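Shown next as structure tokens: one chain only, the form predicted alone.
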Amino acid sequence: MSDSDKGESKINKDSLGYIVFMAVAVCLVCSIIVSTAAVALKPQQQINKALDIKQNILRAAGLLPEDSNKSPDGRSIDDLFSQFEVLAVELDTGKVLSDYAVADYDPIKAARDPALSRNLTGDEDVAVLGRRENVSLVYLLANEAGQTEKVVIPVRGYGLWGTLYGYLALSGDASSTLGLGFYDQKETPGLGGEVVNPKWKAQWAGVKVYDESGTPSVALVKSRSASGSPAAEYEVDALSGATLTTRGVENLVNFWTGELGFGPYLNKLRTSS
């Protein structure tokens, strides 16, 4: 028997030890490949995430068509978004924090950190958030005269199956809505999932946000009030067959425009206009 034959005979490929060794070796090689790919792709993932945020803000503000990555006049997403001023706002006071690094700040991530957020309990947590960040971001678009024309705020709240994440666009004086769009939601297709239907989203243009006392009063209703009546100005059609999603959308809009959300900041816009 040759030396090579003797070496091969010592290795029992059917033994438990050999099988475990090969399994560990394969897992190790695969983990190295996956880790290397994750590190290599991270910069591109961050770029894509930033681009997605810009797209959703622009769509909520009515500056970008639902089915296109360019404006009707051919301008790119970056060009369109460059018109916005991004502000960090202290939610409890409505104070603008001029020294905040807004480019690196993630409000949703901050909401998970007890040091950067506050707990919401009982009647406070109508949007079912659990915690709310202390500081969030506001996106302002001014006209040529320097007057605020559009205000976009991030919103989120629980529907039927999970949290809906989106952006709410308001008029420059924060008195009415311009658009509402969700970029992440888990609602039932054809029912609660209709929150992404362009026809339903179109109803949000011109809806009044606050009643005469300054209380957020947007209502999603099964039967809208007669056209021209005071109540109709605050109403949007409910989502057919999706009671919990409908209630969740109503609650999250009124939460984020209220005192525990962006209310203190938006009130400053309303009183200064």
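In this text the structure is predicted, and so the values were computed from the model without any measurement. So that there is no doubt, residue numbering starts at 1 and follows the sequence shown.
Just so it is clear, the following notes concern the form predicted together with a small molecule, a form of the same protein that is not shown.
Across the proposed site, 188, 191 and 243 without exception bring a heavy atom within 4.5 Å of the small molecule in the model of the complex. Interface membership of residue 160, defined by any non-hydrogen atom within 4.5 Å of the small molecule in the model of the complex, is confirmed. Contact annotation: residue 222 falls within 4.5 Å of the small molecule in the model of the complex, judged by heavy atom distances. Of the stretches 128 to 136, 86 to 94, 146 to 154, 180 to 188, only 180 to 188 has residues with a heavy atom within 4.5 Å of the small molecule in the model of the complex.
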